[in-house]
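Take a look at this single chain in structure tokens; it is the form predicted alone.
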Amino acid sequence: MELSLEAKRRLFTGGLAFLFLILLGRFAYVQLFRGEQFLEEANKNRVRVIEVDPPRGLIRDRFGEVLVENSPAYAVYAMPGEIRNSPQAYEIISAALHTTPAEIKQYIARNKRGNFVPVKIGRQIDFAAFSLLNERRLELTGVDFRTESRRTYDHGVKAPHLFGYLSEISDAELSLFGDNYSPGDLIGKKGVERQYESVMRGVKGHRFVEVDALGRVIRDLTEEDGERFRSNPPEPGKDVLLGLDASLQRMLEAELTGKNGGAVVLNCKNGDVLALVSKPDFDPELFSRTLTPEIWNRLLNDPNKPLYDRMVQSVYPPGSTFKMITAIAGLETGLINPNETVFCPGYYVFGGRTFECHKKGGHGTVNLLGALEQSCNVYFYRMGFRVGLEHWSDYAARFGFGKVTGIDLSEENAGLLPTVAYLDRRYGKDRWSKGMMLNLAIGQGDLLVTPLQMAVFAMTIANEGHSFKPRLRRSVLDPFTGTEEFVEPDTVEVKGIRPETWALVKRGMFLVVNGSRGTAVRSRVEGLVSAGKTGTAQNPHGEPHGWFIGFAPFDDPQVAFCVFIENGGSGSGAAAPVARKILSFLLENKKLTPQLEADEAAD
């Protein structure tokens, strides 16, 4: 049946009305029920959230002097999904950053985490490059600039091994440190920067910007554009105050320039590290900028190993500075009578082998104090053999040798304390000679220590067993409120040693510096009575290493120190004069309490 014209018209009109109702319903659904969602989707194309890095906390010395601070720098970011269709942007950026478009594309592809996750393609760019890019900003589709901090060291203290450095966060670190970081962010990699990353980092903020269809920033959005666009300022990091004395550190850095070695000075009252210098080192500014492969390879292949912290990471035989362990072990076990004398002809024969004393003509007849004063090897060969490895290693372990000191730096070396079990493992049970003990008694053989461990050893003797874990951080300062939170020192007790043993060992160290035949007369400072022990450690790769450890003032120890000069020839000739500079500096600058004269202190 064919429909009439009127029926067709009504059917058509009804169809239109039905479609209109569907359209109206859909419109109402979109507006009333999905409006917020679609507005949000639209804003995603128009509005971009920009993260704002927090100002990093500063590093200061014990008196609040700034040692490491921030200066503003610019970083360039690219949005992979937007820049990929803009060959012109690649050309402009590569010209400014002195690279090629192909290298930028490769870098983005390698570090890309999504089309709309920005990739940092340039950091610490200089002002000329920034000006060039900023002038052509409208041609840079998908490119953004952000400010970031660059560490600077303009206050005369370099200390690169101590401060450490910042570098871009790795994927593993991103997983480890959580939401407060994004790809391309800087993070502490070594030293204090790494150790106190969570203190100095702060908390990221964010702001909103409006972009055009090509991803170019049009303007900043504020809360006047809507409550949702209210920015969230970053929370600055806190300052870390070290126990370091900047003036002492500066003096020592200058004094040790050109040498291989270093020095550690500790506060005997709480374990604060007053100075820690390792030479040779490197300019920390190299790491605060973009490190080129050429510079990195030059540092890595330098035969003097400037990247290595000789005070904390390197281990060496301590030589005669370790003789106090032999003395303490012998006195406490009753195997050494301090009044017993030994004749030193300049050598000692054991098992058909001749062991030399450092004085070819011999020291003659010496007792314990005389042997310490003159650093007689023959006396300690004989007494070390008598004490034996088990007693010797037991007392060395009580002083913490063979373990890290626990200083707040990563990559500390524990050294090596030979024990019966160790020698059995290394050489086979009963396959190592008892004569090894002769070498260990004078700080040679398999024994290895760090200069930091020896400074702690000196502090422990100075305090007669009441010692502290060495520490760099003294307090944390909130720069806005001025609130300073102090950190309690960690005490370490060396037990089981009688007062008379401490007194004898300290008396021996006193004679080393102040005795008529002492080996460290070159460390004496007028008006200050100190004590110490020299060491000259044999080195199969060249000249002997020079050591000197000690403390001052003698009656009320305030500082303990270790000076180590690699291939220095001798402790008395190379290390003791540096210790004299340290003590003179502290006395002249009134950083040590005035002291009794040597004759009075010796009574």
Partner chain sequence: MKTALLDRSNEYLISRREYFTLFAAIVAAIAILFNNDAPQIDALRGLAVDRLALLQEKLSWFSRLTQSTEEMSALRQRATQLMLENSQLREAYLENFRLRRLLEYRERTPLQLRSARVLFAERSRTPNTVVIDLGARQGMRVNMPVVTPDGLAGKIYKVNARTSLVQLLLDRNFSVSARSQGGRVLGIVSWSETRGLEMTGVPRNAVIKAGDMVVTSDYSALYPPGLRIGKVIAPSLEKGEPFMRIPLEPAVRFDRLEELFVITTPAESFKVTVADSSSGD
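C-alpha atoms forming the largest set that superposes within 1.5 Å between two forms make up the rigid core. Numbering follows the first chain given and starts at 1. For clarity, every value in this text was computed on a predicted model and none was experimentally measured.
Quick note: we don't show the form predicted in complex with the partner chain, though the next part is all about it.
Pick from W296, Y347, F127, Y427: which has a non-hydrogen atom within 4.5 Å of the partner chain in the predicted bound form?
In short, F127.
Residue among D283, E411, E91, D220 with a heavy atom within 4.5 Å of the partner chain in the predicted bound form
Here the answer is residue option D220.
Among 565-573, 548-556, 535-543, 63-71, which stretch has residues with heavy atoms no more than 4.5 Å from the partner chain in the predicted bound form?
That would be stretch 63-71.
Just to confirm, V117 within 4.5 Å of the partner chain in the predicted bound form by heavy atoms?
No, V117 sits far enough from the partner chain in the predicted bound form that none of its heavy atoms falls within 4.5 Å.
Considering non-hydrogen atoms and a 4.5 Å limit, does the partner chain approach E51 in the predicted bound form?
Heavy-atom contact with the partner chain at 4.5 Å: absent for E51.
Look up in the predicted bound form whether H206 has a non-hydrogen atom within 4.5 angstroms of the partner chain, and give yes or no.
Close contact is absent here: in the predicted bound form, H206 is far from the partner chain, nothing within 4.5 Å, heavy atoms only.
In the predicted bound form, is there a heavy atom of the partner chain that lies within 4.5 Å of any heavy atom of E148, even though the partner is absent here?
So E148 counts as contacting the partner chain.
Judged by heavy atoms and a 4.5 Å cut-off, are F27, R136 and E235 together in contact with the partner chain in the predicted bound form?
Result yes, every residue of the spot touches the partner chain.
Taking the rigid core as the superposition reference, indicate whether the CA of E148 shifts 2 angstroms or more between this form and the one not shown.
The answer is no, as the C-alpha of E148 shifts between this form and the one not shown by less than 2 Å after core alignment.
With a threshold of 2 Å on the C-alpha, tell me if D179 counts as moved between this form and the one not shown once the core is superposed.
After core superposition, the C-alpha of D179 moves less than 2 Å between this form and the one not shown.
Using a rigid core superposition, assess whether S231 undergoes a CA shift of 2 Å or more between this form and the one not shown.
Result for S231: yes, a 2 Å-plus shift.
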